[in-house]
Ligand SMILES: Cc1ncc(COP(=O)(O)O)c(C=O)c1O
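In the form predicted on its own, a lone chain appears below as structure tokens.
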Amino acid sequence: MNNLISQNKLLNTRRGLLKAGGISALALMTGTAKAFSQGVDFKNSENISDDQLFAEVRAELMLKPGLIYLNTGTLGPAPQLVFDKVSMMMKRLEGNPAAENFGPMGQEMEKTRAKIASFMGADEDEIILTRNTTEGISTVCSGIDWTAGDEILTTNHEHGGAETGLNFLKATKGAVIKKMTMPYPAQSKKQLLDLVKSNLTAKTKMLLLSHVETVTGLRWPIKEVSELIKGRDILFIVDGAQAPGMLHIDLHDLGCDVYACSGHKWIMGPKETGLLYMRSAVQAQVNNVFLSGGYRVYSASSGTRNAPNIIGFGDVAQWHMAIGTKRIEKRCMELAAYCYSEMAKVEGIKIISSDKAELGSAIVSFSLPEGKKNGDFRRIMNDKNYTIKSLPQYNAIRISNHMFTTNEDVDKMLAELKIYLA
């Protein structure tokens, strides 16, 4: 009974803003509900302040009491309702596995592609569900024709997961990988576009960039890069691991050929979820066994999938859309601007993220001075109930300012940083 009361409280948050639409607490607890869709009731959204809304968002999370979580760039915390939905579906699945997985639950799972397409500004037939960003990029790289000596253009700030696919092409098909040395911090879109332009050659057949860099948080001008290489025989792949969930995304507007991301970072979805977008015009170029049965979630070539996780991925995308992806982006950028401004007052560190609004993201990274090790600082902070990221490059620390974090979180982190530096 206490459990049921607790669940009822969960579904009726303090100001009634966040709710599970079309499902009762009893249905959730007993597993009799076929499906539900999370969301925010915005009938009176103009009367709801951002502070109120995002306080409610934070209340929906399951973070440990007192924990200051500034590492969504590695893994994001899922909302309680997504966790409960996936847990309930797992229990339902095990009650009659074959009948559920290849029946009602499988049918619900297949609806996720349409939800993700809406969330990402794409068509459903351009969306493939994966387990993470790495799998998406590797699926493309292992499924394209390649001529030895052709070039892949990328940067020295890419994540190792994305580089896995590039290294496969190098090892198996003789690709040449060219890495542009990135400025940090970057100063302008023109600087970045000129960097790409000056490194393109007649042999460039693939360009891989991060929408938001994992190291500095730089936001690449993806739309402008797409225009720059338009008409050339270059497959443009974007590593989107750090962008959706933080930024409003419209893939058709961005114009890239391929976009891969995970559902378990800024989207805050179930772990081991992700998506691969392939623009219709380039789909014939990718012939991978995983895709040979088509783009449906379950096919003969995909084999059995994790239906509860995939359903939860669709739910968390709807949750973001109900809150408002543009409103989330605005909040994240405001939090990052405060973080940058306060960090700039700390003597002895070097901020390696751009202070230009058009190039910035919710990630703010800084290098520690000589004699201070980022790994040591991360361990000290972990012991004090802070979760941050130490980067392998530049003796740097990365701070992720997602919609549920606060300026007070940053103030407390910087107070600890000043103690460490002293």
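Just so it is clear, the model here is predicted, and its values are computed rather than measured. Residue numbers run from 1 along the displayed sequence.
If you look for the form predicted in complex with the ligand, you will not find it shown, but the lines that follow are about it.
For the options N309, T112, T139, T214, the one in contact with the ligand in the predicted complex, meaning a heavy atom within 4.5 Å, is T214. Proximity to the ligand in the predicted complex, defined as a heavy atom within 4.5 Å, singles out one entry of P244, G73, G165, P270, which is G73.
Stretch-level contact check against the ligand in the predicted complex with heavy atoms at 4.5 Å: of 130-138, 343-351, 326-334, 86-94, the positive one is 130-138. The ligand in the predicted complex comes within 4.5 Å of no heavy atom belonging to H320. Remark: H159 counts among the residues lining the ligand in the predicted complex, judged by a heavy atom distance of 4.5 Å or less.
Looking at T154, you'd find every heavy atom of it more than 4.5 angstroms from the ligand in the predicted complex. Using a 4.5 angstroms threshold between heavy atoms, H264 counts as touching the ligand in the predicted complex.
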